[in-house]
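One chain follows as structure tokens, the form predicted on its own.
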Amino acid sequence: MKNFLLASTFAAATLLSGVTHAADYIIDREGVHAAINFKVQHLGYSWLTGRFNNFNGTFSYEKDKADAAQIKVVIQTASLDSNHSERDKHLKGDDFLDVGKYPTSTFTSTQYKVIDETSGTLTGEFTLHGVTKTISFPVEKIGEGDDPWGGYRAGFSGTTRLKLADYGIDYNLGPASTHVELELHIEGVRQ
């Protein structure tokens, strides 16, 4: 579940990667045009997948000054959803996310390194389960432009893999289940 939080962070980071206008953006949660998904192996036999339903964030980016890009994402850990209420209860409990003690997970960027016009590497401080680590991951700009309602949007995605023990989550699900894969799809609305 903590991996899901990481995924959220990754999604937000992706938003920073290629907006062509200097502007501030808000992640579009109202229209549900953003997702933080996760997957982790269950005992090495199958994939357990899920998402975080409640997160928010902002980012700013200027194409000509990409090194100054910034992003912040906040994930509500209790919004974890693996489509199974009993499993969700376990994942939100002390063995994993401990949402009562750690109700949020956050990502705040510290650097963006441009690779080309549609990709880059985002680095920042990710906090999960009370532990803060510096992480870096690739982001891809999906597209940007005017929307039908008079606004301007930009979309990004990215994937990363995190070791659960690095964040104090050491519940034993077997050697194939020590890492979580996070997948982020983000659409931001320019403010």
Partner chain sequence: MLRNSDKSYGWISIIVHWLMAIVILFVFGLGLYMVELTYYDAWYKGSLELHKSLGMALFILLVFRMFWRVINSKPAELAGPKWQKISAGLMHRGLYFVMLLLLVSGYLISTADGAAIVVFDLFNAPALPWNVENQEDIAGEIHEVLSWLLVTMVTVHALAALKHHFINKDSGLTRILKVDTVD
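Just so it is clear, the model here is predicted, and its values are computed rather than measured. Positions refer to the first chain, counted from 1.
There is also a form predicted in complex with the partner chain; it is not shown, and the following applies to it.
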Counting non-hydrogen atoms within 4.5 angstroms of the partner chain in the model of the complex, say which of 142, 43, 68, 131 makes the cut. 43
Quick one: is residue 98 in contact with the partner chain in the model of the complex, heavy atoms, 4.5 Å cut-off? no
Flag residue 92 as yes or no: does it have a non-hydrogen atom within 4.5 angstroms of any non-hydrogen atom of the partner chain in the model of the complex? yes
Just checking whether residue 116 would be counted as a contact of the partner chain in the model of the complex - the rule being heavy atoms within 4.5 angstroms. no
Tell me, yes or no, whether residue 23 is in contact with the partner chain in the model of the complex, where a contact means a heavy atom of each within 4.5 Å. no
Counting only non-hydrogen atoms and a 4.5 Å cut-off, give the residues of 150 to 179 close to the partner chain in the model of the complex. 171, 172, 173, 174, 175
